[in-house]
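Single chain ahead, written as structure tokens, the form predicted on its own.
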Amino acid sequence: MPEPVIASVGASPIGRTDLPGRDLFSIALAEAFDGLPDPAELVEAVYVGNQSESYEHQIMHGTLLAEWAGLRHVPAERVEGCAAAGALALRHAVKDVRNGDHEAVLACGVEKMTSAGTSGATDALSAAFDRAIEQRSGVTAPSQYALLAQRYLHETDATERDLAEIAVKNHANAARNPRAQFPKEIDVDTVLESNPVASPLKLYDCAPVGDGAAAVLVTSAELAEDLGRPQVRVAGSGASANNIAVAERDMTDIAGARIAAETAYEEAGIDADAVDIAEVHDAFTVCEALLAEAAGFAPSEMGYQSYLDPAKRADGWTDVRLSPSGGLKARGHPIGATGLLQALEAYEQLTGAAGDRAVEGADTALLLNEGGVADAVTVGHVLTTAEGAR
């Protein structure tokens, strides 16, 4: 059975831009294929993560981006899972290579969120909620996650200051990431004194709206070697869907994320303590705390300590470093591209291309990308160097 690897990555700038989605994709593609043969000479299939057609009034993203890459007559599909769309595209590409269906598959993601303005983005994101139970009430994404945060603060010893410290940590990481939307450090008071969004969440607890695209080339290990590219093994993959409505779930036990991570660990033949870095779906600061627990990095009710140095965390924590890219919070969250931006960060970390933000000695990474509210759908991937998870 062929071994799937990531052979190359690329991304557009992240943030507010006048460029349409196809041009953002072209920038990501150009970086991913710098020094490689033309995509038409390599790519045998395309998967595109895209959250909503409402931003640019555009469907058929598979065909559109295949055309924009110069590809004709290859399988090309849009993959949708709200904010998990990018990771789902990666998962499909990995399965195609592993099954021997294709030797080189392009997983990409794009979102042009700013074209719709704040109200348009809010409306597009609310389409991920249960229509009968939630949408008609006027509930928004921040208010949904505020319910999770309120419950988490009620059930644990965490405080609003702890959540603010997570934002501070992720901005510090983003300050060393040239790809970040907000590459600047902040302090706790900046977070705590920022405008309220939905109590207890404030402006700096929330990931920003932004535009962006990412491209990840998944190939067989043999082809990556022939191309002379640094490669990162996709050692494990898992996915899980929970109920779509938050009211029908345990708000502080992110079971779908736990199952997705455990499935990826089992496939990779590792435990949580083997993971050196993790890119998790911190759309809001409380998400990092909840996902640290779901992924098995932290004991129950202690995930909020993710901002602390590993030596200062409670017993039962692993030594994992979370969100070295700056996470969704500060690197940015162009919805359809987010899961692939996580893969890009892990690729750069594991191939020695992360620069000042590199986590020393890292050889194993976990990616957790969620869609809907919390674990309505979660996709997990374990990436390793050639020596990792053997």
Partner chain sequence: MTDLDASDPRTLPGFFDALAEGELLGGVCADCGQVLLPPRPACYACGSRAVDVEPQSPGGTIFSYTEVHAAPPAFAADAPYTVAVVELADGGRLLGRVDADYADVAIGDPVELTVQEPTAEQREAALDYEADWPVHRFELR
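Keep in mind the model is a prediction, meaning the values are calculated, not measured. Residue numbers count along the first chain shown, from 1.
Beyond what is shown, the protein has a form predicted in complex with the partner chain; the following relates to that form.
Sole residue of 276, 165, 80, 134 within 4.5 Å of the partner chain in the model of the complex, by heavy atom: Looking at 276, 165, 80, 134 one by one, just 134 meets the 4.5 Å heavy-atom criterion.
To verify the annotation, which of these, 140, 318, 114, 263, has a non-hydrogen atom within 4.5 Å of the partner chain in the model of the complex? Looking at the other structure, the residue within range turns out to be 140.
Among 279-287, 207-215, 180-188, 243-251, the region lying within 4.5 Å of the partner chain in the model of the complex by heavy atom distance: Result of the contact check: 243-251.
Is residue 310 close to the partner chain in the model of the complex, meaning a heavy atom pair under 4.5 Å apart or at it? Result no; residue 310 lies far from the partner chain in the model of the complex.
I'd like to know if residue 159 sits close to the partner chain in the model of the complex, meaning any non-hydrogen atom pair within 4.5 angstroms. Residue 159 lies outside the contact set for the partner chain.
The partner chain contact at residue 99 in the model of the complex, heavy atom, 4.5 Å: Outside the cut-off, so no.
So, in the model of the complex, is residue 232 in contact with the partner chain at a 4.5 angstroms heavy atom limit? No, residue 232 sits far enough from the partner chain in the model of the complex that none of its heavy atoms falls within 4.5 Å.
What residues in 186-200 sit within 4.5 Å of the partner chain in the model of the complex, counting heavy atoms only? Counting only heavy atoms within 4.5 Å of the partner chain in the model of the complex, the contacting residues of 186-200 are 196, 197, 198, 199, 200.
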